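Okay, so here's just one chain, in structure tokens, the form predicted on its own.
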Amino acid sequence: MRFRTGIRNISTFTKLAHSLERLKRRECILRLTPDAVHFIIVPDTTGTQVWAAIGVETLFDDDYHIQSNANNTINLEFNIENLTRSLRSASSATEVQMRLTKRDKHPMLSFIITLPGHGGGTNVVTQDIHVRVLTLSYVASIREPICPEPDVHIILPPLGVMRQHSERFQRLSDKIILRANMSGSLHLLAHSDSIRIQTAWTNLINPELDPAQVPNPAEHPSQLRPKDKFASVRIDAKEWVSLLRVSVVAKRVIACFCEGHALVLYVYVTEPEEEASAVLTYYIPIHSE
């Protein structure tokens, strides 16, 4: 089992790790494959799940090398805080190498960081993260959630702006309600026994369905409902505010409202015209009244 690579985009990698850390789930699964890197965060009980798929070229150099007896796939588990800490120490590095190593027979994810030194020299620092190599049977037991086709899908306004409103709403209630329709309207609201507050956006984009992904777009639930009919979800306010910190890496976010099931966010880290692909999928559970 071997893995090594240079890190091409330390800034994006650091912001990505920081965003995942904000979910307060300590353990993260890293699935390394020849073509993509996957980050998976699954809570022990209930809560938001994250399934991220990022093209190798988005984060890593051309020297990316992986080898294993499991179809050249390696599954690791580690503390996400340790990853964030290591990447932060490399913020001013001139070069960062990432390798799977061993220390005293314990597997480690090592970051070999080259930093500029005084007088034109360089300093090399190694940061090791303890990891657990996961068995194929264990990984097979972790399944990405299956949700019905969304009733409404809409591109969210800037997450930083939404977070400002959401933080204010969080002081009023521990639950936040999001409503959206297929006419480009989005409502964010919260209420207590005596107060009800709401923020509304209009003229947002409802993206067109991709025929390659949806065989018969005209029969999709979002196309069959009245365009001005709202779909609503009620979610945990604290968790919602935390995940909005993904704004540091998000280029655009599509929210899919699956009434009675979940709110699913597709966070795109790259622009549509870029060859490299990177999308984080958040599955946010809903709460009944």
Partner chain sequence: MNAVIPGQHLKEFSRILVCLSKLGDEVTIEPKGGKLMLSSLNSSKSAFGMVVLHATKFFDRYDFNDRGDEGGMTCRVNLRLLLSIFRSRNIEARDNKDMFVEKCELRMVDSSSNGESRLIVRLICKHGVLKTYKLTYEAANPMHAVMDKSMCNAHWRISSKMLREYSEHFANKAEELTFAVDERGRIILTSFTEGLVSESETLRQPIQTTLSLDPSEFDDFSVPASTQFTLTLREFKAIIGLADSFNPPLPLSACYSTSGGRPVNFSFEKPEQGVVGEFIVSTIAEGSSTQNGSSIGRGSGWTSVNASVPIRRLETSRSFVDRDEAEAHARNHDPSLDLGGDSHMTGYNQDSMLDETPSHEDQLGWHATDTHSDRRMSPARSTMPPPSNLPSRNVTRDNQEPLFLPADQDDEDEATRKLAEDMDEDEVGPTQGATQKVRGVFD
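None of the values given here were measured: they were computed from a predicted structure. Positions refer to the first chain, counted from 1.
The form predicted together with its partner chain is left out here; the points below concern that form.
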request  = With heavy atoms only and a cut-off of 4.5 Å, decide whether V161 touches its partner chain in the predicted bound form.
outcome  = no
Interface membership of A218, its partner chain in the predicted bound form, 4.5 Å heavy atom rule = no
ask   = Counting only non-hydrogen atoms and a 4.5 angstroms cut-off, does R26 reach its partner chain in the predicted bound form?
value = yes
message = Does any part of L115 reach within 4.5 Å of its partner chain in the predicted bound form? Heavy atoms only, please.
response = yes
note = Picking from R179, K175, H165, R99, the single residue whose non-hydrogen atoms come within 4.5 angstroms of its partner chain in the predicted bound form is R99
request  = Report the residue, out of S192, N123, Q198, T202, that has at least one non-hydrogen atom within 4.5 angstroms of its partner chain in the predicted bound form.
outcome  = N123
note = Within 4.5 Å of its partner chain in the predicted bound form by heavy atoms, the stretch out of 184-192, 150-158, 166-174, 79-87 is 79-87
inquiry  = Please tell me whether the candidate spot formed by N206, C258 and H287 is one where all three residues come within 4.5 Å of its partner chain in the predicted bound form (heavy atoms).
reply    = no
query = What residues of 26-40, in sequence order, lie within 4.5 Å of its partner chain in the predicted bound form by heavy atom?
reply = R26, E27, R31, H38, I40
